[in-house]
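One chain comes next, on its own, written out as structure tokens in the form predicted alone.
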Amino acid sequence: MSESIQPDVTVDSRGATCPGPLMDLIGKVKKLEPGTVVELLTTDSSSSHDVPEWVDKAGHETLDVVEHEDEGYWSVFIETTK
């Protein structure tokens, strides 16, 4: 699915440890219009499940979580709804 997702905004948090990637994402999402697609890049493995959990609680939508195993990072795609 991720091949067809075209993010409007990319948040590059590679190298940051928990809770850094989530905090980076929250800070960005608060400034965005509904319907914006965001890609979070993270090397923190816990973000692959922590971020979708927050997205759900915050009322946004997780579109996909992709592990780039060879490169050692994840892409988490979300769409803002508020």
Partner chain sequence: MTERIVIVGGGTGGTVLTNRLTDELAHEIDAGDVEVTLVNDTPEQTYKPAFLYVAFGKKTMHEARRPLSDLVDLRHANLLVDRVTGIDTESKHLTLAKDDGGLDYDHLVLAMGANLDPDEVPGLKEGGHHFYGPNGAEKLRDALAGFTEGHVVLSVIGVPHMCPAAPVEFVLMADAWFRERGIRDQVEITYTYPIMRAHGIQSIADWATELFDERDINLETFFNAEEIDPEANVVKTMEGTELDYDLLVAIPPHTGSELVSDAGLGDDGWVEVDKNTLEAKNADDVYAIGDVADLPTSKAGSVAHYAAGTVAARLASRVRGLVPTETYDGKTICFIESGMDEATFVEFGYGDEPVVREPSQLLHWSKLAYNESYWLTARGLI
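Computed from a predicted structure; not experimentally measured. Numbering follows the first chain given and starts at 1.
Not pictured, yet referred to below: the form predicted together with the partner chain.
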Counting only non-hydrogen atoms and a 4.5 Å threshold, tell me whether G15, C18 and M23 all contact the partner chain in the model of the complex. yes
Is E53 close to the partner chain in the model of the complex, meaning a heavy atom pair under 4.5 Å apart or at it? yes
Test of understanding: in the model of the complex, would A58 fall inside 4.5 Å of the partner chain by heavy atoms? yes
Although the partner isn't part of this model, could you tell me whether P34 comes within 4.5 Å of the partner chain in the model of the complex, counting any heavy atom of the residue? no
Residues in 64 to 82 that come within 4.5 Å of the partner chain in the model of the complex by at least one heavy atom, in order, are K82
